[in-house]
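A single chain comes next, written as structure tokens; it is the form predicted on its own.
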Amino acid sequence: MNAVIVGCGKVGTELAKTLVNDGHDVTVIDNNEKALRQVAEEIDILPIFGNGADINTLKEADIRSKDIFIAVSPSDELNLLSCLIAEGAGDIKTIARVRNPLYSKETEFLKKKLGLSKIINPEQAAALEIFKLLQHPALTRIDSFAGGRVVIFNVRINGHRAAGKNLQQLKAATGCDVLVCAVQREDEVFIPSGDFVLQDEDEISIVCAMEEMKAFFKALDIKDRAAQSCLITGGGTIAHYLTDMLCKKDRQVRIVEIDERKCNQLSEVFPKAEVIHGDGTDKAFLIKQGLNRVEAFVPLTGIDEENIISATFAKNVSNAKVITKINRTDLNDVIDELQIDSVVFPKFICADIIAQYVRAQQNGMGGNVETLYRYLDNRIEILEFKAKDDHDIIDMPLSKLGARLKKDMIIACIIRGEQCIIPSGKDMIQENDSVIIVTMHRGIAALHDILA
């Protein structure tokens, strides 16, 4: 597909990289010539210097020949206007990034009135991911399929009974119908077979029905009670969305923000939260605000290094679940060494959402990706497909189908109505089943693409 991206900031650059890696032709528009040049040197894109809301710039980008237009500039208003002009200039799908909480309440209205195909909000999506982890503090990540009936989650083996067992022994020991579909051990990532032996410090990805997750934790004596109190540093957009979610669950929320004006605004919007004017990087101040007593600590300042330092300090002085957000992916190695509980990357979330949408539009609208997640340093993709006209796959025992799959790929789960099937060799995919695939391959857009 041919895509146009307006804006080559952190999100735009990551998105361009994702789409190019998936095999799409990408044009990037930005009015910052230096930033545009840097992206063009790093990624195989067509750079165009100009304003994404200028019709002449869009003509230069040959907008009429493009399939999808994505506006992710720093300005919500420019993104909406750019999409409106692009939609009027050609038959094209339009996606706008809109971050302002005021606009987030009008998403459906804006989509309808402006003819947008999709509105994305990375900050809101990042807040939701943090919120889910606060509901399940034992995990480093959790996502869902089929309306929440099926989950995929990451847990780090740290003295659990799983250490030293192979996957067959683990299943027998827990009595739970779960599938360990991926494992990260230091710098290596595996899609494991049944004789794969787990070790301490492995991070494992598991697919199962929601109720099986609870039984699995109980069998391994993993404590997973939702955090009841949370200390947040930084009162930006992600903190705004997260506080809203936590207050609706009647959680105790304390926000530390250095900007007095922001403090006043947050206090007005969230009367149930306690907003403190102060420096969230001051260690003594954080202790005074209860860091060593809260059940969760979430540094969300706009500076990655401050978030990492605060998170590391919290791990040393408290038992809180520590989650932070990071914008710079080049800090990954540092973060891994520090072993912060969970790190959220808003630009990765945004890229995954758009990659999922683009794949669903592929193959002359024949792509059938329902859901897409990237796990374990983005080296594993977990995709949900709807089985429709895949005659080479439907009604074939998986014992036979498995021999025809691409390498480094497994069928992790079949969802049939209300039923969640962790498949064996005797199971078959039927028409209208939802099928969850775990793979190291990139760019899988349709269920039949899993065949070698």
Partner chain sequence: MDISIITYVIGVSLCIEGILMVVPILCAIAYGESIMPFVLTGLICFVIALPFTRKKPAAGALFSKEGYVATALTWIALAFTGMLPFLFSGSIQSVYDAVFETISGYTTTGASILTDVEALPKGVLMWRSFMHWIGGMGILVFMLALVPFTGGTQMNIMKAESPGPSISKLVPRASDSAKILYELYGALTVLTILVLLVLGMPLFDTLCITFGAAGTGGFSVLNTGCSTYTIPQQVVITVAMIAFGVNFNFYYLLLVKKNRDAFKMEEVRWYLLIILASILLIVIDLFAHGIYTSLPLAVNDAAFHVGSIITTTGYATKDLNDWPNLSQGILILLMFIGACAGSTGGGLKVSRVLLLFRAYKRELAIALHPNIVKRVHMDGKPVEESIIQNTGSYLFIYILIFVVSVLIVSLDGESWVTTFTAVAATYNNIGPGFDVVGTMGNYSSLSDLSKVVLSADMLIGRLEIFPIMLLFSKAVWKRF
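Just so we're clear, the structure is a prediction, and the values are computed from it rather than from any experiment. Positions refer to the first chain, counted from 1.
Below, we refer to the form predicted together with its partner chain, which is not included among the displayed structures.
request  = Identify, from the list 404, 391, 426, 59, the residue with a heavy atom within 4.5 Å of its partner chain in the model of the complex.
outcome  = Result of the distance check: 59.
key: Of 53, 43, 398, 410, the one that lies within 4.5 Å of its partner chain in the model of the complex (heavy atoms)   = Checking each option against its partner chain in the model of the complex, the one that comes within 4.5 Å is 43.
query = Among 5-13, 440-448, 427-435, 20-28, which stretch has residues whose heavy atoms lie within 4.5 Å of its partner chain in the model of the complex?
reply = In short, 20-28.
ask   = Would residue 37 show up as a contact with its partner chain in the model of the complex if we use heavy atoms at 4.5 Å?
value = Result yes; residue 37 sits at the interface with its partner chain in the model of the complex.
Its partner chain contact at residue 418 in the model of the complex, heavy atom, 4.5 Å = Heavy-atom contact with its partner chain at 4.5 Å: absent for residue 418.
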